[in-house]
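In the block that follows, a single chain appears as structure tokens, in the form predicted alone.
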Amino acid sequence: MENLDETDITILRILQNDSKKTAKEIANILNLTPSPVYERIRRLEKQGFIKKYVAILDKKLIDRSVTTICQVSMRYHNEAFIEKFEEQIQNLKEVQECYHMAGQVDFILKINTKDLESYHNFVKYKLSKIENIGVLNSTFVLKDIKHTSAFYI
């Protein structure tokens, strides 16, 4: 963040809110010309501040309305088992997010499925096939209160 000035930070805020904004539109907001704004965006991309541009889909419209937070505890905690779990979880398309944790559980997964039956099948036929899982604890989201992909900067 030390390399960023206030204009860079404002550009990042704008793009986090709406990544479809063009350099010209951002330049108008900032009272600048498009060329330097375009160059700043390219630099922010090159430096890795902007990883990618995505569309955030409505989970109800794509029939993935059940969100489950699944806590996973491993039986054994050696490097090989942890790496194997991390590799295998990458192949499970239902898993939207996976975090390696410190504390009472080893991993937390965010999973979106069509319904409870789909989640049951996911656990039964996919997740349970991963070696070394000791305990799974699933909790189901009743209501999305806040959901954002934007960082506070």
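The numbering used is simple: start at 1 and walk along the sequence shown. What you are looking at is a predicted structure, and each value in this text was computed from that prediction instead of being measured.
Here the subject shifts to the form predicted together with another copy of the chain, a form of this protein not shown in this document.
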| Partner proximity in the model of the complex: L136 to another copy of the chain, non-hydrogen atom cutoff 4.5 Å | no
| said: Would you classify E6 as touching another copy of the chain in the model of the complex, given a 4.5 Å non-hydrogen atom cut-off? | reply: no
| query | For I130, is any heavy atom within 4.5 Å of another copy of the chain in the model of the complex, or not? | reply | no
| request: Answer yes if any heavy atom of Q16 is within 4.5 Å of a heavy atom of another copy of the chain in the model of the complex; otherwise answer no. | output: yes
| Which residues within 105-119 place at least one heavy atom within 4.5 Å of another copy of the chain in the model of the complex? | F107, I108, K110, N112
